[in-house]
Structures are given as structure tokens and as C-alpha cells.
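Okay, so here's just one chain, in C-alpha cells, the form predicted alone.
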Amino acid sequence: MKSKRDSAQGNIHHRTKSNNVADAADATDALVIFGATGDLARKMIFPALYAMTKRGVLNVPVVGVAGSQWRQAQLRKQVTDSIRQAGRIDDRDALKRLLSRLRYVGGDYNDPATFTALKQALGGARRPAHYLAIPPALFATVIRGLGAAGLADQARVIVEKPFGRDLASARELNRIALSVFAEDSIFRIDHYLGKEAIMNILYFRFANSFLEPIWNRNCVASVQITLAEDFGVKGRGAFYESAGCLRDVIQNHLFQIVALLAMEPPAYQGYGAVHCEKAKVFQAMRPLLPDDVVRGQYAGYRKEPGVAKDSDVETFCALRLFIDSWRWEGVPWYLRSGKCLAATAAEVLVELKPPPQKLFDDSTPLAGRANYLRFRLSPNAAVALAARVKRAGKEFVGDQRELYLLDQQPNAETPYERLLGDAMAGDGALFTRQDAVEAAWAVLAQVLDTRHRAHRYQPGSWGPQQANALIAADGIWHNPIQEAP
């Protein structure tokens, strides 16, 4: 039987299609997209809205807002083109329904008249969800504008990452957001949390009993997380100059994965319990020092448009992290991400300690890695458990083999479909809470201000050699494989 606390804070598990839309009292009755003419809307949001329309879960007006003085017909063309570029238009009726729901408001975000026009475009809608798909510098301006126009009452706001640039700016943005919206009406979106493979980490950990006895400092030697991309900044040099890999990927995507791997079991079946345990992980992280971080920059980055000729911004970052908790005391966590690396893939490797006694000559780490658990996050999802198996014959020698579970779900929702639907329904399970955001920034506080210079590395490599020295005391980096075995 579900407790009142569960009902108030929602279930951990994702809703099924039959109840994917919240009750009328909770669901939003319009979706507003600030930045409707931008890249994020074109590449991610509009294709997600089309998929949601096909599934029958988007039945509300969609109002695009941007600085461009477009006509409604231009927005409809932009939406159609973005859907076509993302794949193919295989349901003309769904596209027609989506286009019929579109409205457009053009205007300066600093002008109160823009929000007055938005209010008129919303018509009778009273519970809109406002998606801020705009540069972070405009978050506060739009939030204040919504509040001043009376567009925040009973509404929700969806804030795209990054939520702040450091601890001070995150606190200030939280202060502004909370002056207009209630905490449970603020949805800080990180699309990585909407991926099936990421959600499976939480499920795999707590739906299986065999992990718990070994999931601690007694059995785990180290944890590695790699998120690699084989392409560069793709013309987004100006953005990367303002962010860098540490802010763009490590502080949000990789820290969220760490939290799911390191958190304690939630006390009850509610997403509020999950948020509490994740926040505790960030609070237990030891603040990073400059020697814990290796920064790199791929050769050729300084030639990108918008990049300073003497730029020291990192396109690669590797770090060594410790979580000072009872479960993880002394276990090193190695995080690594970068652009122009040897592959586009994301994996987690949880390496276990070797057997305490050397009974067989080849059963020590000197002959290879000890047993490990591997979560493959992309490009496909899989879980693998590595164990040594004896070869045929009289000799006690063997090989390490993987028990491999491939989890291919071709019809699964995309992250933006899932997260947009959840925010509109008021389900905060896959979003980030204020205390977790601030605690994560606090871990990076010292290395954002004081850091070693970035090392040059060649495109197609696995980053600068200095990253190998960082992990040397605990082994070598695990480079994600290209294909499933």
C-alpha cells in the first residue's frame, strides 16, 4: 500500500503509457518554448514534440517565443524542417496536429510587452510549462519577466543546463527562481538523466540483491566513468569558451552518474527519497584540488570560430574523486570526458579487488584486470560482468570472460520526450534539486579558480598522456569498446 508521502512525491519507476499524462489538476495546459528559433529547439525539442504527438501524449498548445520577428508560418516551417532532418515524417496526421497547435510570439525578453503578448497567446491556459531553451545569461531575465506578468502562478519552469557557472551564480539563480516559482515547480533539466541506460543504473542496483554485499569499499577497488566524443565543438567555439569540459560535462552528466552509482538505497518508493540520497553523495564528495584534475585541449581547437587564439579552455578533462562516506571511504573514482577522442561512447567500469590469496599464477591483476562490472551507456546499452574461467587442460590457467546483457530498445522514448512529458506532468524524478546542484558546484569550487594549464592532445587519441599518470596508482584507463562482443 502506498503511503501519503509516496503519493505526494511520486514513484521512482517511470509511468507506463496508460498513465503517462497526469490528472487534469496537475498536468500543464500549455507548453511555452523560449528560444524557439534556436539550435536546441530545432535539433531536440521539436522532434521530441512530434514523437509525443504521435504517441498521443501532447494535446496542448505550444507557444514559441524568441527575439526574431517571425510569422507563425515561419515557425511551422522550422518545426517541419527540424523533424525531417531528425529522421523522417512517417505520420502526416500527427505532424498536422502538432502544427495546428503552434503559436508564436516575437519580442525582446527585457521588454514587458513580450510577456503581455505571451499572456494573450496563451489564451485560457492557466497552468503553462515554460521551457527556457535559451542562453544561461537570459534565465534570470525571463524568470523575472514571467513573474512580473503573472505568468508563474500555477505554472512550471524548465531550466536547461548549465544551472549556474559556479557555486555563487548557482545560488543566485536559485534565489531568483525561488522568488517566482516554488521548488517543486522548478525542473532543472539534464537530458542525460532521461537516457534509458542511465535510468537502468538505478534500477539494476536496487532491483537485484546480489550487488549489495560487494557494492562498497571492501570489494570495490576503483570506479571509472568515461564519456567520449570523436568530434569537436562543431562550430560552438564561442559557447565552449564560456564553459569548457569541466562545466559542460563533468559537473552535471558525470556527477549525476556518480550519484546513481554511489547513493544509498532510498528509504521509500518516492523520487523525493532518491533526490535526498543523491544530494548526500555530492555533500560527501571531497573538494577537488588542482592536482586531482588533468585538463586537455585538442590540437586545432584554437582555429575554431569564436575561440581565442591563446585559449586555455579545456576540451578534455580527467579527475580523481573521493567520496568520504562509510560505504566509499578510500575508493578512488576516475572521471574522464573529452572531444575529438578515439570513439564516441560512454561506459562505467567498476573494478573489484582481486582475491586475497594468490592460488593461481594468472589470477592476479598482473595478468590483466580483476573482476569488474561494466555499464555501457552509449552508443548502445549493456551490462557486463567479467569473471575468470579455466581453460581446458591440466594447467590451472584461464581467461577473463564477460557475461554480457545487451539491452536494445529501438522504440524507447528519447531523453527529451521523456523529460518534457515528465515536467509537463509534474513528475520530478529525473530532474535535479537545488541542494544537489549547489553541493556539486561546491566540489569544484577550488579548481574553477585555480588550475593547471591545459595539455595539448591529438584528435583521435584518448587525451593527453598526463591523464594516464593521474590513474597510474590504480591501474590504467578503460577505453570503451566499439562494438558489443
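Since the structure is predicted, the reported quantities are computational estimates derived from the model, not experimental observations. Numbering starts at 1 and runs along the sequence shown.
Another form exists, predicted together with ligand BG6; not displayed. Remarks below refer to it.
Single option in 156, 188, 195, 278 placed near ligand BG6 in the predicted complex, where near means a heavy atom within 4.5 Å: The residue in contact is 195.
Listed residue that, although ligand BG6 is not shown, lies within 4.5 Å of it in the predicted complex (heavy atoms), from 348, 313, 249, 118: Only one option qualifies, and that one is 249.
161, 229 and 236 each touching ligand BG6 in the predicted complex (heavy atom, 4.5 Å): Yes, because 161, 229 and 236 each have a heavy atom that approaches ligand BG6 to within 4.5 Å in the predicted complex.
Any non-hydrogen atom of residue 376 within 4.5 angstroms of ligand BG6 in the predicted complex: The answer is no: residue 376 has no heavy atom within 4.5 Å of ligand BG6.
Partner-facing stretch of 203 to 211, 249 to 257, 270 to 278, 217 to 225, counted where any non-hydrogen atom is within 4.5 angstroms of ligand BG6 in the predicted complex: Partner-contacting stretch among the options: 249 to 257.
Contacts with ligand BG6 in the predicted complex - residues in 320 to 341 whose heavy atoms fall within 4.5 Å: Just 339.
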